[in-house]
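One chain comes next, on its own, written out as structure tokens in the form predicted on its own.
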Amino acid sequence: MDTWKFYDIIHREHVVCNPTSNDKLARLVGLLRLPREARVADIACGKGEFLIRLAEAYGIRGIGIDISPFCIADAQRQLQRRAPGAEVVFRQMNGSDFRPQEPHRLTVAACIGASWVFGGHAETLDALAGMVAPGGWVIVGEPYWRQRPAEEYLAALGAGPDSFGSHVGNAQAGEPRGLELVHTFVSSQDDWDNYEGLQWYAAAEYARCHPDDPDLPELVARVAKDKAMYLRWGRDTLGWAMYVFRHRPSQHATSAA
């Protein structure tokens, strides 16, 4: 089954394709207080909700990058519906291949929930820090272990104990890169339940409406496995937060391993 078809189906009920809430995203947008025509890049932008809200609130100039053709199509439709005159473009490409026209010129660089694009949390901070101007914003969304993961959970995930860090580790990772942590938006249990539950609902609705899709057995099996992992282990073990950093104007980032 095509990877991006799978994720398009299970996220059809989502506005934001992460375990957070519309309220937390609205609070993030309000916190930034951007100047008009601020330059913004959102890597792995999903359906473009963050960029579109910034365009509605501030009239920013932005680019959204995502590898999924389904997400890019959704983002373009929403942009035309809600902010048709905005200077925002969406481009289908691998986020790790994106380079701003000039380094250190963006007002905001974000990668919310897709640090795998750059190879991890630290690597994502390195990449985004190189895009923003002094005083600019770096915003990432990242999982963390709430408790030591069970070996069975790691095996089911195909992950290791070092696949994610701790909440405090995620928060402190900006410091050696000249990034000051100014806020976190930590996902609640309800945020997680809604994010996961909407996937189950979307998959069930798709199965009901498309019984002849040859990909249906794989879709149903994958969602059933993910549901079981979440209910048995993930709900109590995995956390997620948006980390909001600001690049210190008078300090150069140091190299960090």
Ligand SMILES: C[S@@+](CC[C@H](N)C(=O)[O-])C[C@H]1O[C@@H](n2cnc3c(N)ncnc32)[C@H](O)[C@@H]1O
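Just so we're clear, the structure is a prediction, and the values are computed from it rather than from any experiment. All residue numbers refer to positions in the sequence shown, first residue = 1.
The following text describes the form predicted together with the ligand, which does not appear among the structures shown.
Against the ligand in the predicted bound form, the set 9, 194 and 206 makes no contact: no member has a heavy atom within 4.5 Å. A residue is said to contact a partner when one of its heavy atoms sits within 4.5 Å of a partner heavy atom; residue 52 fails this definition for the ligand in the predicted bound form, lying far away.
Put simply, residue 76 is far from the ligand in the predicted bound form: not one heavy atom of it is within 4.5 Å. Using a 4.5 angstroms threshold between heavy atoms, residue 18 counts as touching the ligand in the predicted bound form. Although the partner is absent here, residue 62 sits far enough away that none of its heavy atoms falls within 4.5 Å of the ligand in the predicted bound form.
With the partner omitted here, the residue from 178, 165, 113, 149 that has a non-hydrogen atom within 4.5 angstroms of the ligand in the predicted bound form is 113. The chain is drawn here without the ligand; in the predicted bound form, the stretch among 179 to 187, 115 to 123, 101 to 109, 157 to 165 whose residues come within 4.5 Å of it by any heavy atom is 115 to 123. Of the residues in 74 to 98, those that come within 4.5 Å of the ligand in the predicted bound form through at least one heavy atom are, in sequence order, 93, 94, 95.
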